[in-house]
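What follows is a single chain, given as structure tokens, in the form predicted alone.
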């Protein structure tokens, strides 16, 4: 028998495929058993020890009231639909603006250098300012110009603030994908007679966009959460509605309800992004 570093053992001599598969299954089953046991131990410790804390009963009433949960859930779910609507009209705009900024930063013609400078300044400025500050500056500043309805709507300018900020991050993700395409592919396309525009359109961008899909998925997850920041300038979405219920009921459970609704969306999306990243890593290897 030959001992391995992890303590397992395999038979001496050549192994058949069935032996290797059986050994791999044993290792996988043992790892799953250890992981499951440790997780169960932690959960049991939390369930047993937390209620023993002196202030647990007060915390339970304030944050985990079943009656308040049932009462507020339907209204908060309807308010969450506004978050989803804002997300749905912001996401395509962010993708388009982000790609345009990335293309500006990739300009190589000296005559178009102002575009490259604009792209660099844009990403530096909007990545350097916190999202909430952009929301305040745009959401309160532009309506302060006295624009007529509907152009003074906080929905419009709050959405614009998110688009401006997230486009800067998405632009850098697209740029990293563009730069990951080897220069030899550009040279080969140019040698075949393609113009710079066609090389970017047919050779570089298809590969770049595919490579950055997992990273952009993570940005979409972050965007879905940051839509709640618009509540500070007026829209009654889920976070603001939870605050209204908190004031009316003198209870923090509505915030827990809002957190659960967000988790119901973001956890599957996060797992899907991880799946895409793992699949991409397998394809590269």
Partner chain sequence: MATLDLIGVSKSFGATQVCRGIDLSVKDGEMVCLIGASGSGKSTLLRCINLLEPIDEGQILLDGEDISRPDLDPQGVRRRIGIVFQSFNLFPHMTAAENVMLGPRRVYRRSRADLLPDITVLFERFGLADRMYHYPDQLSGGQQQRVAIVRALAMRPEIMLFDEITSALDPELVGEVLDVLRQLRAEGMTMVLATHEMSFAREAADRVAFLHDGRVLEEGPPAQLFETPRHERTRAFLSRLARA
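The structure displayed is predicted, hence computed values, not measured ones. Positions refer to the first chain, counted from 1.
The following text describes the form predicted together with its partner chain, which does not appear among the structures shown.
In the predicted bound form, its partner chain lies farther than 4.5 Å from every heavy atom of residue 145. Taking the partner from elsewhere, residue 202 is found to have a heavy atom lying within 4.5 Å of its partner chain in the predicted bound form.
Taking non-hydrogen atoms only, residue 189 approaches its partner chain to within 4.5 angstroms in the predicted bound form. Contact annotation: residue 207 falls within 4.5 Å of its partner chain in the predicted bound form, judged by heavy atom distances. In summary, the region of this chain contacting its partner chain in the predicted bound form, judged by heavy atoms within 4.5 Å and restricted to 135 to 143, 111 to 119, 180 to 188, 82 to 90, corresponds to 180 to 188. In summary, among the residues 150, 130, 193, 74, the only one with a non-hydrogen atom within 4.5 Å of its partner chain in the predicted bound form is 193.
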